[in-house]
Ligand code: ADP
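Below sits a lone chain in structure tokens, taken as the form predicted alone.
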């Protein structure tokens, strides 16, 4: 059983462009919350800082970490590997730190299946509409329409995994979405009452996939 002195694991997943990384960054500003830094084989984006946003490594180094069983979870997403090494996470949790994960559904499944002795709360973030998602992706990948189309196609597959998460939150307005997630985390940690309507989410998913 998790100890009351241990930290909590909080996973945020979403289809590409739904805003999970921004939300993780906001949540990490809370006292006693830290973000897990993933290893990745993809190239840094212009605004990303190595060893702060990601540990950027080549395929050979990533596969060495896989072979040494150093990953708590890893996945291949859009032809690049992403993974979370186990030791830093366990150290933080044992020191009572709450750890935020910015990972996809594959990584979330792997962590759940490990059944670690720490409290785990999982969130899936959805866009308010496919039109807004397309707009966000187009702004991010202005020079490459093919990437946008690939992400939109993947969205249809990724969104189906919402059912495996504790909570699904719609990122219609960033501060509202952040406040909703923060309230649900607080309620989970303190065993308080939770304001959550799963049927509303189910209806929203049906609109996104119709």
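Predicted model only: the values in this text are computed from it and were never measured. Positions refer to the first chain, counted from 1.
Here the subject shifts to the form predicted in complex with ligand ADP, a form of this protein not shown in this document.
Visitor: Can you work out whether residue 174 and ligand ADP are in contact in the model of the complex, taking contact to mean some heavy atom pair no more than 4.5 Å apart?
Guide: Yes, residue 174 is a contact residue.
Visitor: Within a 4.5 Å heavy atom cut-off, is residue 92 in contact with ligand ADP in the model of the complex?
Guide: Looking in the model of the complex, residue contacts with ligand ADP do not include residue 92, since no heavy atom lies within 4.5 Å.
Visitor: Does ligand ADP come within 4.5 Å of any heavy atom of residue 130 in the model of the complex?
Guide: Although ligand ADP is absent here, residue 130 would stay clear of it in the model of the complex, with no heavy atoms inside 4.5 Å.
Visitor: Should residue 119 be classed as touching ligand ADP in the model of the complex when contacts are defined as heavy atoms within 4.5 Å?
Guide: No, residue 119 stays farther than 4.5 Å from ligand ADP in the model of the complex.
Visitor: Exactly one of 136, 112, 97, 86 has a non-hydrogen atom within 4.5 Å of ligand ADP in the model of the complex; which residue is it?
Guide: Result of the distance check: 136.
Visitor: Note that ligand ADP is not shown here; using its position in the model of the complex, name the residues of 5 to 28 with a heavy atom within 4.5 Å of it, in sequence order.
Guide: The stretch touches the partner through 14, 15, 16, 17, 18, 19, 20, 21, 22.
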